[in-house]
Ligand code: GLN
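First comes one chain, alone, set out as structure tokens in the form predicted on its own.
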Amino acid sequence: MTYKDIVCRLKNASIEDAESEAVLLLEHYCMANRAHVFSFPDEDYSGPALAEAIKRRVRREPLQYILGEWGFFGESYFVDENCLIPRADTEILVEKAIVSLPHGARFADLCTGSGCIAISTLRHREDCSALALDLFPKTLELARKNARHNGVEARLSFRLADILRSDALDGEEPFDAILSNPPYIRTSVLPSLAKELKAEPRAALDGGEDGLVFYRAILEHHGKLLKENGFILFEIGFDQQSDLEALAAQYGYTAEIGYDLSGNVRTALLRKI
């Protein structure tokens, strides 16, 4: 099977970036060199692993799950069906955390998933430490694996808990910050998502009827664990600015909205009034 053949199969499956994905598959499964692939697009590649990977992608399984790892903020993360796929948009939150955390800070990463927020922040702030929390044991174990892989395991602890419960952080010392990219898609929107998104854990996507269930729980139950002058930093949906500003005001916070490179609303940084 040639590079051209793979691109054709992916395009027939309505995969938009078929050329780039074909190269990534060849690099991963055949140790092919990108420049060589483009120079010799008719060279034949074979192997059962590559063939199976192409079948999975044609079925619209996320490429990241097929490869088993993905890049984020300069780091590499193991990913599978137990976690949300790290996305470049979330790097905006990490950038904000890195410049906002005080020296020697300890922060919590709620709904940690792959651990990418906490781990990439710690990689670029060697003076900080963190607690990563998730509801699912397999997801938390994946985050542990990523912490070891990226060399921050000594500064990152883990807790299995449900942040919708008021006792999720019981016994913890106050934090300098709480970071979170929680589920924030409205339940009614989930059926209309792309096939790839539907393959990701529903629990990592479903933010309830209004998309605000997890934001509300964090503010109501866990904001009390912030130190004086501490902050909460959320990733939010492109259409959630007014909702988050109203919710922040309701619980006594100001809200500073941040934008991604496309100019879309992406983060909300909350501080106590």
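We number the residues from 1 along the sequence you see. As the structure is a computational prediction, the values presented were derived from the model and not from experiment.
There is also a form predicted together with ligand GLN; it is not shown, and the following applies to it.
Asker: With ligand GLN left out of view, choose which of 131, 147, 163, 84 has a non-hydrogen atom within 4.5 angstroms of it in the predicted complex.
Answerer: The option sitting close enough to the partner is 84.
Asker: Which of these residues, 111, 156, 105, 168, gets a heavy atom within 4.5 Å of ligand GLN in the predicted complex?
Answerer: Spelling it out, the residue with a heavy atom inside the cut-off is 111.
Asker: Does the trio 100, 233 and 258 actually contact ligand GLN in the predicted complex, every residue with a heavy atom within 4.5 Å?
Answerer: Answer is no for this spot.
Asker: Evaluate residue 120 for contact with ligand GLN in the predicted complex, applying a 4.5 angstroms cut-off between non-hydrogen atoms, and reply yes or no.
Answerer: Judged by the heavy-atom cut-off of 4.5 Å, residue 120 is well away from ligand GLN in the predicted complex.
Asker: Quick check on residue 116: any heavy atom within 4.5 Å of ligand GLN in the predicted complex?
Answerer: Yes, residue 116 sits close enough to ligand GLN in the predicted complex that at least one of its heavy atoms falls within 4.5 Å.
Asker: Do residue 219 and ligand GLN come within 4.5 Å of each other in the predicted complex, heavy atoms counted?
Answerer: Answer no; every heavy atom of residue 219 is more than 4.5 Å from ligand GLN in the predicted complex.
Asker: With the partner left out of view, is residue 66 within 4.5 angstroms of ligand GLN in the predicted complex by any non-hydrogen atom?
Answerer: It does not: once ligand GLN is placed as it appears in the predicted complex, residue 66 has no heavy atom within 4.5 Å of it.
Asker: Which is the contacting stretch out of 181-189, 168-176, 121-129, 148-156, given heavy atoms within 4.5 Å of ligand GLN in the predicted complex?
Answerer: Heavy atoms within 4.5 Å of ligand GLN in the predicted complex occur in 181-189.
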